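Only one chain is included here, represented as structure tokens and corresponding to the form predicted on its own.
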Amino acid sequence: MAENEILESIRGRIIVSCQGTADTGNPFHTPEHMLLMARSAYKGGACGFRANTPPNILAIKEAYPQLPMIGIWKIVEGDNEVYITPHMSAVDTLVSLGCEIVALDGTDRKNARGQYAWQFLGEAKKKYPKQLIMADIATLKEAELCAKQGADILSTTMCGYTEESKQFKGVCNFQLLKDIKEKVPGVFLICEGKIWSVEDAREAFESGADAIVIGTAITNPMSITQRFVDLAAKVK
């Protein structure tokens, strides 16, 4: 599909993030598990997927080649905070796997090479001008910076996970969606993170999101259970 066709295929719809890591204690983390998540999401009507690492991406792409894939590769380099597709070899690999969309950290933080993440995103877009590049941002400033670097899609993925946005840990920043829609018109906007209910999803769309990525609330039984257990402990 052409870039515009990909964007139109996900506009106003739900993308499911199929991720899981063993280091968090999550029993669901293998490519086989990710494929089962994707199959469930597909049967539920998801229009596409977000997945991490080449093996997981390949498993889902092979099963659902007709659906857009947002590919990422989380690579932790020492104690550096920038880990979502942080260098060009990771971008090269995701492009070679046929990911319709490649997502990178787009925050105002420096990567392991001393370069601001949003600057590196610009380099990736210059190398792959016909590849849809998505910026995972946390603030309006970062949205504006990434848009100037050529990002095709802005996503609120990192809101709540950076020092500047830590007040939104655990909750969706709907105002950020409104601000981006006003200040960065014309860029495709995705809401990702802290969407826990259909009411949250509705508010995200009403706040300006062109599409929504949902992960934990759909695909992480361990975290879903923990939320209810925590609630039960508070009301005792």
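Residue positions are given as counts along the sequence shown, with the first one as 1. Because the structure is a prediction, the values reported are computed rather than measured.
The form predicted in complex with a further copy of the same chain exists for this protein as well; it is not shown, and the discussion that follows is about that form.
- Checked against a further copy of the same chain in the predicted complex, the residues 58, 67, 201, 184 give one hit for a heavy atom within 4.5 Å, which is 201.
- Using a 4.5 angstroms threshold between heavy atoms, residue 41 counts as touching a further copy of the same chain in the predicted complex.
- Residue 45 belongs to the set of residues with a heavy atom inside 4.5 Å of a further copy of the same chain in the predicted complex.
- Contact check for residue 27: a non-hydrogen atom falls within 4.5 Å of a further copy of the same chain in the predicted complex.
- Mapping the unseen interface onto this chain, residue 205 counts among the residues with a heavy atom inside 4.5 Å of a further copy of the same chain in the predicted complex.
- For the three residues 88, 93 and 98, a heavy atom within 4.5 Å of a further copy of the same chain turns up in the predicted complex in no case.
- For the partner-free chain shown, 205, 209, 214, 217, 218 of 205 to 219 come within 4.5 angstroms of a further copy of the same chain in the predicted complex, judged by any non-hydrogen atom.
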